[in-house]
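Take a look at this one chain, the form predicted on its own, written out in C-alpha cells.
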C-alpha cells in the first residue's frame, strides 16, 4: 500500500468513527452536533498533514496514518486508582487534582473537594445550562485551518471545563492529569480543555500528560482553549512526560482581553513524536503575554514547537523564550512567529530560541519569524544552536569536577532558566526533578 493510500485510508477511518460518535451524542449533546459535522467536513477536506505541507515538513506523521487506531470511548472501563495518581501530583497535596483517563473525567480518583467558591470544574453535563461556557466551547481553536484540531473536534465527547468567576483569586493550583492507559489495540485519545478566566480573576492551571502502564501504541490529540478576561492573570503550565513510543499533538489557543496577563510554560520530555502548537492572540490594549518552552530529547525523538503570538491591538508586550537540549539521533524543531498587525502600534515583542546539540547525529531546525505591518514597534528575535561552552567546561574541570558531572551541571543550568520562571514553588521543584531524571538519561547515552 502506498504512503498516500495509507493516509487516505486513515482519514476515512477517522471520519467513519466521527459519524458514529455524532449519531451517538446527537441527542445528549445537541449543541455540538453542528460543530462536529463542520469539523468532519474540514477534516475530510484536509486530512492528516503530510511532509508536503510547509508547516509539517519536519514531522513525518506516516506512523499515525498507517496505525489502525481505535478512538477512546466513554464505554471503556477505567483502571487508574486513587493511589496511582499520586505519582503524577506536581503541585503538592493541597492541589486540586482532576484526572482524565483516556479522555474521560474520572471523578472517583480525582481530588476536587477543595474547589473554592467561584471556581467550576467539570464536564459538559455540568455546564450545559451555562450559556457563556457553551458559547466558547469548540469555537476558538480553528478546525477550519488546523486538520488536527478538526480531528479532535469531531471525536471529542468529554471536554473538561474550568470556569473562574470575575474577581476570584484561586491560590490552589488546578492540575489536570491526563492519564493515557494503553490497551490491546492502538488507542487515540481526543483530549479537550476549555478555560474561562473571568475579569480580574487569577489562578494557576497545570496540564500534565502521562502514560499509565504498557500496551499498544497511543496517540494523544489534545486541544486547549483559554479565554482570559479583562485584567485577569492566568499562570499555565503544560507538561508532557508520556512514554517514549507515545505520539502527541496538541493545540493551545489563548485569547486575551484588555489589561490581562498570562504566563505559559511548556515542558516536553517524553514521546516519540510531539507537536506543540501554541497560538496566543492579544485582542486588546495593555496585554502582557509570556511564553516559555523547554524540550529535552534523546534517542530518535522528534519534538516540534510551533508558536504564533498575534499582536492585534496597540500597546501590548510579549516575551518568548524556548530552549532545547538534543542528544543521540533526536530532532528538534522550533517555528515561532510574531505577527504585528497594522493597528498594533507601540508593540514590544521579543523572541529567543536557544539549543544545545549533544551529539553529531542530533539536529535542530529553527525558524524565528517577524511579520510586522505597523511602523512604531520594538520587535526582536534570535536563535542559536551549538554545543556546550568549552570555556565553561574547562573552568569546571580545572576545579576538579569530572567531565560527565561538569557537562551535567552545564546542561542543568542551561535548561533551568526556563523552569525557574514558574511562579509556584512546589510545581517548580517538581519540574526540576523531572528535568534531572531526563538529563541523567541523556548523560548516560551521550
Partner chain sequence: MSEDLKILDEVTNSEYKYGFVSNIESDNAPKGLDESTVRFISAKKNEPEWLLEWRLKAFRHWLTMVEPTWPNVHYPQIDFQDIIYYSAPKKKPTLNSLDELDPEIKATFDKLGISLIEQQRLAGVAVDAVIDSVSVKTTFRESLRELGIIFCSFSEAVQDHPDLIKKYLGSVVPATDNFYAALNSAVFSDGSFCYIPQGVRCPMELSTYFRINSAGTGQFERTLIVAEEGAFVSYLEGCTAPMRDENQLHAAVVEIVSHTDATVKYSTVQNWYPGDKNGKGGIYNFVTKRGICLGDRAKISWTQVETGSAITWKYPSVILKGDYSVGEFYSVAVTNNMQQADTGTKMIHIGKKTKSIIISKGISCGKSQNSYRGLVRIGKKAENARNFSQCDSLLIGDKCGAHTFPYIEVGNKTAKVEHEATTSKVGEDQIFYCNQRGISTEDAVNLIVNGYCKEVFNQLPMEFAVEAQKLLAISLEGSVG
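This one's a predicted model, so the numbers in the text were calculated from it and none came from an experiment. Residue numbers count along the first chain shown, from 1.
Absent from the display: the form predicted together with its partner chain. The rest refers to it.
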item: 358, 367 and 378 each touching its partner chain in the predicted bound form (heavy atom, 4.5 Å); value: yes
item: Contact segment among 411-419, 36-44, 380-388, 63-71, judged by heavy atoms lying within 4.5 Å of its partner chain in the predicted bound form; value: 380-388
item: Heavy atom within 4.5 Å of its partner chain in the predicted bound form - residue from 98, 264, 362, 148; value: 362
item: Position in contact with its partner chain when the complex is considered in the predicted bound form, options 244, 371, 125, 144, heavy atoms within 4.5 Å; value: 371
item: Interface membership of residue 56, its partner chain in the predicted bound form, 4.5 Å heavy atom rule; value: no
item: Close approach of residue 315 to its partner chain in the predicted bound form, 4.5 Å, heavy atom; value: no
item: 4.5 Å heavy atom contact, residue 345 to its partner chain in the predicted bound form; value: yes
